[in-house]
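A single chain, nothing else alongside it, follows as structure tokens in the form predicted on its own.
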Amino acid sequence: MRTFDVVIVGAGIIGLSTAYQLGRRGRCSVLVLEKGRAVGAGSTGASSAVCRFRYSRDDMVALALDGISTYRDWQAFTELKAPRASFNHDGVLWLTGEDREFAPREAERMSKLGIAAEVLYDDDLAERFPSFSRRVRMPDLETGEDHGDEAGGVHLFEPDGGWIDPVASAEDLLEAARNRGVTVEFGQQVTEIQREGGRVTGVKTASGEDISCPVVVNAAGPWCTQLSEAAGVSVSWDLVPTRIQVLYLDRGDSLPGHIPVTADVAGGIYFRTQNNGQQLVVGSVREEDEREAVADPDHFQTIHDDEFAYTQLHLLSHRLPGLPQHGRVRGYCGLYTVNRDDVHPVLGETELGGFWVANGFSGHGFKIAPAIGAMMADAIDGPLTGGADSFSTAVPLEAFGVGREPLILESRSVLA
């Protein structure tokens, strides 16, 4: 029987971030077991990997700052000579329509929290991003009514935001973790959590292997509830695998200038470029598009719906009037694990001693993953020494602890 100090179930961005941080400490043996055949087989591979700082809660802003700081200094963080991923410093633009108070208020708050933030007015928008319309009211999706070209918006811009390739990032973390002595195995499904006397004693895999360990970390993403049930643990959070649709299309030559990562709150969409700016990635930020529960994460519709595509393209063409009216629109679907109680992560040790969870990220997980990995490793194996080199976070795990009360929020969308 093989023996490890920690077994992490799931080799997505959360599991690998935790494994790497434990490996950096070098105080325990770590095994990562992933049921998929390769990196990116779960939620990570379908992530849009948008790295924005603004959240409604200050502790989430701090986690985003810590997480994105590692992506911006990715080579140093991973200790790789030639990492596959690199940060795209496109900036993040928030368009909030008729709300003229959001941008000044949030820019002041972000600045106090150490985030670079700018307030842009219509003339600034036209000068810096010439492809954008300045309309503050988008068409009515129910009636189709076009609200015209009324301008006068006040916008928020995060110059240090951007995006990074999600699969390349996970592949880098896989290599970095292995370089730090972590064992990572694919095609290994955990079917049983072994326990005795109220504590974890090991895991059993689908191949029949028993592996001894005193600590198991549930980083199984959409499969997290299945794993908790296998451990006999009732996590009192409504963590729901949820189908999320994303489109991508060629940008063409009719959209001049820079296109940043954009959260078009007025329209209910987000978009960014990819492939050296030659394509656009488009998705929804509306709560109603984050409610399609999936009963079995192994079997769900992975092709986008036509109605979804028509809606997003309708809204996108109003924000980017020069959008090409021809060309192929493609799409894919992935899974969020939406915490329907408060759309924030659930972290920490459960009632079963040694069984830890890092679940329910609700679309926030990628950008904060390096900070979550540090937070989990600190709790499981103690903090790193070495000051700034630790790449850690000051946000306490208890802020998102498994035993907390649900957070009170004005919105429960992915932008919460």
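Treat the numbers as computed from the prediction; the structure is a model and nothing was measured. Sequential numbering from 1, following the sequence displayed.
Another form exists, predicted in complex with a small molecule; not displayed. Remarks below refer to it.
Residue stretch of 23-31, 343-351, 376-384, 356-364 approaching the small molecule in the model of the complex, non-hydrogen atom distance within 4.5 Å: Careful reading of the contacts points to 356-364.
Partner contact for V9 in the model of the complex: the small molecule, 4.5 angstroms, heavy atom: The answer is yes: V9 has a heavy atom within 4.5 Å of the small molecule.
In the model of the complex, T183 touching the small molecule (heavy atom, 4.5 Å): It does not: once the small molecule is placed as it appears in the model of the complex, T183 has no heavy atom within 4.5 Å of it.
Residue contact check: A19 to the small molecule in the model of the complex, 4.5 Å heavy atom: Answer no; every heavy atom of A19 is more than 4.5 Å from the small molecule in the model of the complex.
In the model of the complex, P241 touching the small molecule (heavy atom, 4.5 Å): Judged by the heavy-atom cut-off of 4.5 Å, P241 is well away from the small molecule in the model of the complex.
The unique member of W94, W237, Y270, F129 whose heavy atoms fall within 4.5 Å of the small molecule in the model of the complex: None of the others qualify; the residue that does is Y270.
Contacting member of V190, L156, A176, V265, with respect to the small molecule in the model of the complex [4.5 Å, heavy atom]: If I apply the 4.5 Å criterion carefully, the residue I get is V190.
Site check G36, V50 and Y336: each within 4.5 Å of the small molecule in the model of the complex by heavy atom: All of them do, each having a heavy atom within 4.5 Å of the partner.
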